[in-house]
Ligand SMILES: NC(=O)c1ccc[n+]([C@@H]2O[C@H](COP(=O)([O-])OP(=O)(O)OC[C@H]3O[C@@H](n4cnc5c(N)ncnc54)[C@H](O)[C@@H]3O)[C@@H](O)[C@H]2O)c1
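Just one chain is shown here, as structure tokens, and it is the form predicted alone.
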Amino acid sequence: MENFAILRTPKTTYYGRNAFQNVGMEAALKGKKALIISDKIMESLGYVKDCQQQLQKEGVQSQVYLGVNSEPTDQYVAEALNILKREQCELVISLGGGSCLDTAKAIAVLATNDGYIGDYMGGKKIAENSPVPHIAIPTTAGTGSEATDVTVITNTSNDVKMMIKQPAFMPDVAIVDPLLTLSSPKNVTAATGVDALSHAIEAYLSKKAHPMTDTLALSAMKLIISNLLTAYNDGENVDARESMSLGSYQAGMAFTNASVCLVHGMSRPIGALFHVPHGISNAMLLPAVLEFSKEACIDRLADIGRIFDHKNESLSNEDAAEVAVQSVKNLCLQLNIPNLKGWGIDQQAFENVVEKMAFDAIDSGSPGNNPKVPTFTELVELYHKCYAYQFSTEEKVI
């Protein structure tokens, strides 16, 4: 760890039931006209209309972009940015899953800074001008994007997911209302829940972890591990949904300041090439990556194993670390997470691009934060292992 650490978070956070009711008041502080970035599902649920009505009560006009219907792409960014400029919108409100939030982050920055969104990847171009204000409202408990200065946008010309991280991409306001997550179906609850767990685990295992991110990551893991299955099996359980929303937010704060690791590095190429939702692709990879990494992070994995069951307090660190790996496998099994083959990815198509995926994963930089950094050959082997990975196990969790 460096002699000092940095912790970046949104300037303002509203958290709790009915927090959504503050969007109009916050928007009025930031401009007279807002561009709402959302999708057709949010529109059908009435969330977009509700948002517009709250804005109207505070004298804020609004335009809506509902084109986000998959993982965020540079095309969505260009389309929505054109609307923002044409309609002279003064702020951006994102309402939906991580794809909506990430799209809005890119728009907020490009509205005041020139160039293509990909220019900002890897710090090649720095956003020098302050972005337009961005109010981020997640409707899933998973990505934590409302608490991060990261956006991931797919370059549609080469099928590469561009991971872009700069302070300018941090939302000004996060509104985390667990009531908005009640509409999430079981498969989305599972995918986003394991995504949030991946964020917390990777933030805790990352070489860039520091005491403040450790506190957030450990708290997030306790909340998620204790409530994910309940939220999955009983989607109307507001207490579980509330704990998941808080856990997701804390995990977002943890990983944006400690960085993610190998799971996310491997996940992005799968999403870009095979259009697997981000949360699902993380879940597909998490157990196998933990197995690969275990020897380099026994003590920290042991901490995670003890969160899964307090009765593991008496175990050695080696045994508790194995409990962590097996518990994550079992959780994925209970959530019906498929492997890559089970998702429907053709094996030959997978073989054709596995080396590209390995190159793209390394190029993202995330694997370098992992406790055990894979070689290119090891990364290819790990992709192959994950293709037909079995979450079920005959091994008994201690």
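From 1 onward, residues are counted along the sequence shown. In this text, all values refer to a predicted model and were calculated from it rather than measured experimentally.
Below, we turn to the form predicted in complex with the ligand, even though it does not appear here.
Exercise for review: Classify Asp39 as contacting or not contacting the ligand in the predicted bound form by the rule of any non-hydrogen atom within 4.5 angstroms, answering yes or no.
Suggested key: Yes - in the predicted bound form, heavy atoms of Asp39 and the ligand come within 4.5 Å of each other.
Review point. Is Phe350 close enough to touch the ligand in the predicted bound form, meaning at least one heavy atom pair within 4.5 Å?
Key: Phe350 lies outside the contact set for the ligand.
Exercise for review: Indicate whether Lys161 is a 4.5 Å heavy atom neighbour of the ligand in the predicted bound form.
Suggested key: Close contact exists here: in the predicted bound form, Lys161 approaches the ligand to within 4.5 Å, heavy atoms only.
Practice item. State yes or no: in the predicted bound form, is some non-hydrogen atom of Ser183 no more than 4.5 angstroms from a non-hydrogen atom of the ligand? Key: Within the cut-off, so yes.
Review point. Would the ligand in the predicted bound form be within 4.5 angstroms of a non-hydrogen atom of every residue among Pro72, Ser145 and Val152?
Key: So, yes: the whole triplet contacts the ligand.
**Study point:** in the predicted bound form, segment of 299-307, 213-221, 174-182, 231-239 with a heavy atom within 4.5 Å of the ligand
**Key:** Comparing against the ligand in the predicted bound form, the contact stretch is 174-182.
Check your understanding: in the predicted bound form, which of the listed residues (Gly97, Pro131, Pro287, Gly247) lies with a heavy atom within 4.5 Å of the ligand?
Key -> Exactly one residue meets the criterion: Gly97.
Check your understanding: If we check the ligand in the predicted bound form, which of the residues in 118-140 reach within 4.5 angstroms of it by a non-hydrogen atom?
Key -> Thr139, Thr140, in sequence order.
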